[in-house]
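To begin, one chain is listed below as structure tokens, in the form predicted on its own.
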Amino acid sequence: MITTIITAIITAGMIDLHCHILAAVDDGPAAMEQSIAMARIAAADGITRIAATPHIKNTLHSPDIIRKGVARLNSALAELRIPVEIVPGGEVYAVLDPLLLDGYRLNNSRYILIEFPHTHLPRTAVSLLFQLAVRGFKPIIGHPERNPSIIRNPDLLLKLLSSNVLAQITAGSLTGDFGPQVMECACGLLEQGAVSFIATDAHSVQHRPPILSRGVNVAAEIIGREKALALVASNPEAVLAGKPVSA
């Protein structure tokens, strides 16, 4: 259990791979002004790039809508001189047909952010991930530390991971924002080397804002500064460039 937070480490140039920053698309910000406010918070925290990952679940938002939203937001940020770049992506529900998902890859790479049901890990999880791999995707499992099945048995996640299937935990999970059980699971997954990325899963200025540094500070106490920074810098950089992620 983490009892103290180490002195803040240098975290400029961080990349947030999971953020609901596009306005009026899902349950993120309702208006462009709120998206801009989120970007200001991210920039102040040292985040320089953000993957816009609206929920692709009950509504299959058109990839073109996402691309246009990203372009509009980047234009606004450039005009206001806010030093954050937005790239396209999506948070895709795991049970969707892989044939529908090409337009939701992170920055048009092979990587795709996958969300399992919030209530449990399906028995078909291995098959679902395999079908994605067959289609050429490299799945990133979003916030597994918040899944009740994995909280009870973290080994369920470990059995899913490989060089082609990676995991992303939420910064707020490490700082206790989701409660002690989620925090314990997140810290345990870090200790076991099961985590490749830390992201914000931000939705607004008030609700889960786009702040990575606090989670990175906790991670650094568990796995060391260099490894913690890799989870928000070199690893997500590899994803956006479509390159292999280092172990």
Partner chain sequence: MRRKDIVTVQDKIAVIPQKLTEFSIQLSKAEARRKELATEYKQLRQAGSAAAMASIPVIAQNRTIQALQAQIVIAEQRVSELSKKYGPKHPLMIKAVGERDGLIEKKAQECRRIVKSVENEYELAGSNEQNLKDLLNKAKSDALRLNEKFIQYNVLKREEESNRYIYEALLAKLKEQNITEQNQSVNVWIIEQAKTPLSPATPKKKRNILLGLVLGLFGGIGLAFFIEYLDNTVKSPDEAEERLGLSVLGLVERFDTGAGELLTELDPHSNVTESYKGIRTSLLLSSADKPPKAILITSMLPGEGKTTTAANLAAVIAQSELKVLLIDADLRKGRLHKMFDFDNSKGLSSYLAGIDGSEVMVAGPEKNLKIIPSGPVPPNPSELLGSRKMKDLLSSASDKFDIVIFDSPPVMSVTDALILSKIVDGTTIVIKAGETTYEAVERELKSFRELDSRILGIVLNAVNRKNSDYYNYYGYYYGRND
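Numbering follows the first chain given and starts at 1. Since the model is a prediction, treat every value here as computed from it, not as a measurement.
In what follows, reference is made to the form predicted together with the partner chain, a form of this protein that is not presented.
Within 4.5 Å of the partner chain in the predicted bound form, a heavy atom is found for all three of T119, P148 and V182. Here is the short version: of V87, L96, V165, A76, the single residue with a heavy atom within 4.5 Å of the partner chain in the predicted bound form is L96.
The shortest heavy atom separation between R81 and the partner chain in the predicted bound form exceeds 4.5 Å. Residue contact check for L60: one or more of its heavy atoms lie within 4.5 Å of the partner chain in the predicted bound form. Shown alone here, L161 lies farther than 4.5 Å from the partner chain in the predicted bound form, counting heavy atoms only.
Shown alone here, N108 lies farther than 4.5 Å from the partner chain in the predicted bound form, counting heavy atoms only. Only one listed stretch (36-44, 62-70, 49-57, 216-224) carries heavy atoms within 4.5 Å of the partner chain in the predicted bound form, and that stretch is 49-57.
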